[in-house]
Ligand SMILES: Cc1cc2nc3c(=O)[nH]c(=O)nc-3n(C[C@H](O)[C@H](O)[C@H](O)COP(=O)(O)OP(=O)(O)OC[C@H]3O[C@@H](n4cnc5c(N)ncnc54)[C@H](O)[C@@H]3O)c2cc1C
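First, one chain by itself: the form predicted on its own, in structure tokens.
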Amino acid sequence: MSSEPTLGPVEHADVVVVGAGPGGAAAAAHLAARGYDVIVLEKDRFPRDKVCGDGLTPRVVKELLDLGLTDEANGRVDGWATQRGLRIHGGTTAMELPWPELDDWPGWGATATRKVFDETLARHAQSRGAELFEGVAATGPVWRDQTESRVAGVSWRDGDGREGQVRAPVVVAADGAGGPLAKHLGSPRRSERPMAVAARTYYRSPRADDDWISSFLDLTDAQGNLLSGYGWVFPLDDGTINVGLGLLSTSKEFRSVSYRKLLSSWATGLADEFGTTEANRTDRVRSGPIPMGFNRTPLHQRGVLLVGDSGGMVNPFNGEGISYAMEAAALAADVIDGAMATKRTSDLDRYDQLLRQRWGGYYTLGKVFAELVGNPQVMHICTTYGMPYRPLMELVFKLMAHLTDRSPSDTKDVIVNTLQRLAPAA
């Protein structure tokens, strides 16, 4: 773009989106494509980084395809790569599990760094007509009246200290796990829902062209003690690999461990296979929180819809949140479109209801899973005795990746769908 747009003291829009990560950018793209005036506020400037594994499951690939980002989804653009499936390591077993061939989901996954991925989606939203303002942080909601019964937009501050407001009848809060809007609304974190912390860094590696992403279910510290976490190695298009690990809040080590030291120690043990030496490391170790299983509710309140990490939408089974942010964004656009037609704020409540119907039972299963593997011996027993049996691991893979057909003919899909239907909604 030839010149950067500037916000006036008071701007007006149909919808203001706070945060231009995957959820915010996707919501803006969907809404702008429907003809709405959308303003997006992003506190950082692109390209900007985020702690993440950089892995894009078939659920993410589907959202990219739905947005028209076909070349990116197929790895035909610099910075994007595709993979056949997951190489899972547990106990003494390593097994390659292709992404399932399904009617409802693509049969491949992809990888892209968050610097590439997030900016691609944000620029795509701009190309559809959304106005993006970078380096502008939302500071809180603007209320319609003193009763604070209905949002009327958000206040903002930029890097030069300028302040103002964007007035809009609907706000999409996609401002991350530590975002201010949910806190201003009085939506506390639900302590009974799982949390995790992830740490990751990058290495130059001869395995950067791997057709498989790798997951490690047995995680140990420098003394060989089992930890209730998981590790990953994801190949990227630029000759590097993303190497990281996550620890669940159900682990006794959750608050005491040094994530930087743990990751460095664990990566050193992979050096023979992946080249993860200190000489090959290209970035510092960074860590960040992973809010899981709807850990902030309600997901709609007084005209503000929570999307992605702001609503704790990460999958408790595998720590993946991009697909859920993007799927929630598409649903938010549908619900907002309907509420704009009726001009009833109460119609936005459908967003919360539909998301709980869609994922609530599955997230409840994930909460049980997180509690079980909080004891690393449980995970060790499961991997030692379960990993050698391929049909069982294919079932577990579908469950953990949340990949089944809605109208299945496969027995494994029927089992997973039945489990999440019977589980009470989170």
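Please read these numbers as outputs of a predicted model, since none were measured by experiment. Residues carry their position along the shown sequence, with the first being 1.
Just so it is clear, the following notes concern the form predicted in complex with this ligand, a form of the same protein that is not shown.
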*Tell me, which of R34, K62, R358, K50 has a heavy atom within 4.5 angstroms of this ligand in the predicted complex?*
K50
*asked:* Within 4.5 Å, heavy atoms only, which of P194, G109, P100, G319 is in contact with this ligand in the predicted complex?
replied: G319
*Spell out, yes or no, whether the shortest heavy atom distance between E394 and this ligand in the predicted complex is within 4.5 Å.*
no
*Just to confirm, Y202 within 4.5 Å of this ligand in the predicted complex by heavy atoms?*
no
*Within a 4.5 Å heavy atom cut-off, is K43 in contact with this ligand in the predicted complex?*
yes
*Decide whether V314 counts as a contact residue for this ligand in the predicted complex under a heavy atom distance cut-off of 4.5 Å.*
yes
*in the predicted complex, which of the stretches 252-260, 130-138, 347-355, 145-153 has residues with heavy atoms within 4.5 Å of this ligand?*
130-138
_Can you list, in sequence order, the residues from 388-420 that come within 4.5 Å of this ligand in the predicted complex, counting heavy atoms only?_
none
